[in-house]
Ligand code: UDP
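One chain is shown next in C-alpha cells, namely the form predicted on its own.
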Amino acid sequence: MSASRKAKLIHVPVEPAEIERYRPLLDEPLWGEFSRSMAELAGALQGHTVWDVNSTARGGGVAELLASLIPYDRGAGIDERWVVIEGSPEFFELTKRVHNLLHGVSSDGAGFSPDERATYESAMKRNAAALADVVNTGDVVIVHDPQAAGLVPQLSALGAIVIWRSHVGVDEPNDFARAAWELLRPYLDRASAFVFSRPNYVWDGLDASKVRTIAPCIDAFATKNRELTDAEMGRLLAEAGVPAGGRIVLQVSRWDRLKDPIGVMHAFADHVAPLTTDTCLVLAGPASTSVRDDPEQPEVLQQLLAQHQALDASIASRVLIVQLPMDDQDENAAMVNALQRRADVVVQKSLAEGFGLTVAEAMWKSRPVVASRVGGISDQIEDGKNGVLVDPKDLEALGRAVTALVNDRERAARMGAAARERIREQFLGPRHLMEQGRLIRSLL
C-alpha cells in the first residue's frame, strides 16, 4: 500500500429517524428536555457537519452505537455523517494490540517498535488526507477509539472541533494500559474534549477541564431491539439452528479472548449441564472473517471449536456454536434479537469490558443476565436486583448463578422485569443524545 496516496474512506449511509418514536417511552418532563435539546443543537450547528470517524461499519459495540444514534440526530435536522477509515492488515493487528492493552491485557508485551509507530502514522496520514477533502472549518469531528486517535492533530489543523472518544478502558490501570496511553497521548493534545464511558477509565494526566463521561446506550427501536412476531421468531431461530423447545443459556459476542467464550463453555459443561438436563448453551458471534478491525477472531473461534470437539459427546451435543451471517446487517441484528428473546438466561462472561451493549440489549428484553463484575457491566447491573454479577474467572460461581435462574422461573421473571426498567431509565438513546449534545454546544 502506497504511503503517499489518500485512503479510500467508507461513507456509511444512515437514514434519518424521528425522535417522536421515543415519546411513549419517556416521562413527560424528560421528553420535553430531550426534544428541546435536539432542537437547540440543530440550531447551533447550522451550516456545519458532525462527523463520526471509526474503523468498522459492522461488528462490535461502537458500530452499533453509531448506527443507533446518528439517525435521530439526522431526523432532528442535524447534519451528522459516519466515515470509516482504511487500514492494512498490519495496521489492524497493531491497533488490536493497543485495544487489548487499554483493557490491561497483553499477549506479547507492552512496547512498540519504531516500525510499528511508522505503520500507525502512515495510515493516519493517508486517512487524514482523505478527510481533508470533506471536513470543513467549524465542523465537529468525533474520533472513536485508538484506531483513529492519530487523526486528531490533522483534523484540528483543518479548523475542526475534535472530540476523541474512548470506548474501552480498565478498572485498575496497569503497565500495559499505561503503555497504550503513552503511545496514543502525543496524538491527543489538540483534542477539544475527551469522552470516556466511565469515570474509572479516564487516563491519568489529561486536562480535567476537557474530560467528560458519557455511558453508551441502545436504541429501543433498532432491528436488534424491536418486538418480534411469533412468525419472525420461528423463522430466525430456525435459520440459526436453535431448538424451539428446552431451556437456553446464551452468550452473544465477538470471538474475542476478552469475551472468554471458551470459559463460558466449560462453566456450562462442568456446572450447569449436569444439573439441568434439558438446557442448551448457545454461543453466537459473527462469521469469523467478517469484522475487518479484529484479526484475532478466526483463531479464537478455531480454539473454541477444538475444545468443543474434546467435550464428552453428551455435553457437546448441548453446546451450539453459531456463526451469524454478516452480509445482511438487518438480518444479523434480527437473529441476535431472536436469540436474546429466546434465551432463558443471558451470560456475558467478559474478562474485561468497556461497557457491554449486549448486556443492555438483553436487559431491555427482560432477560435475567449473569455477567462478569467488570467495567461498564457493573454500571448496568445492580447485583441481585436486575441481574447477577460474578467474578470473571470463577466458573463455578457463573454456573451456580445460571443454574439457579434456569430452575427458578419466577425469580428470573422478576429480575428480567427490573432489568428492562433499569435500561429504560438509564441506557436508552435520548439520555446519550442529550449529554453529547450539551458537550457539542459547549464547544461551539
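As the structure is a prediction and not an experimental result, all values here were calculated from the model. Each residue number is its position in the shown sequence, starting from 1.
Another form exists, predicted together with uridine-5'-diphosphate (UDP); not displayed. Remarks below refer to it.
Distance criterion of 4.5 Å from any heavy atom to uridine-5'-diphosphate (UDP) in the predicted bound form singles out 336 from the list 124, 152, 135, 336. With the partner removed from view, the residue among 102, 162, 252, 265 that has a non-hydrogen atom within 4.5 Å of uridine-5'-diphosphate (UDP) in the predicted bound form turns out to be 252.
uridine-5'-diphosphate (UDP) is not drawn, but in the predicted bound form it has no heavy atom within 4.5 Å of residue 379.
In the predicted bound form, at least one heavy atom of residue 224 sits within 4.5 Å of a heavy atom of uridine-5'-diphosphate (UDP). At the 4.5 Å threshold, heavy atoms of residue 60 reach uridine-5'-diphosphate (UDP) in the predicted bound form. At the 4.5 Å threshold, heavy atoms of residue 367 stay clear of uridine-5'-diphosphate (UDP) in the predicted bound form, well away from it. Using a 4.5 angstroms heavy atom cutoff to uridine-5'-diphosphate (UDP) in the predicted bound form, all of 259, 332 and 356 count as contacting. Residues with any non-hydrogen atom within 4.5 angstroms of uridine-5'-diphosphate (UDP) in the predicted bound form fall in just one of 176-184, 87-95, 307-315, 324-332: 324-332. Counting a residue when any of its non-hydrogen atoms is within 4.5 Å of uridine-5'-diphosphate (UDP) in the predicted bound form, the hits in 258-288 run 259, 285, 286.
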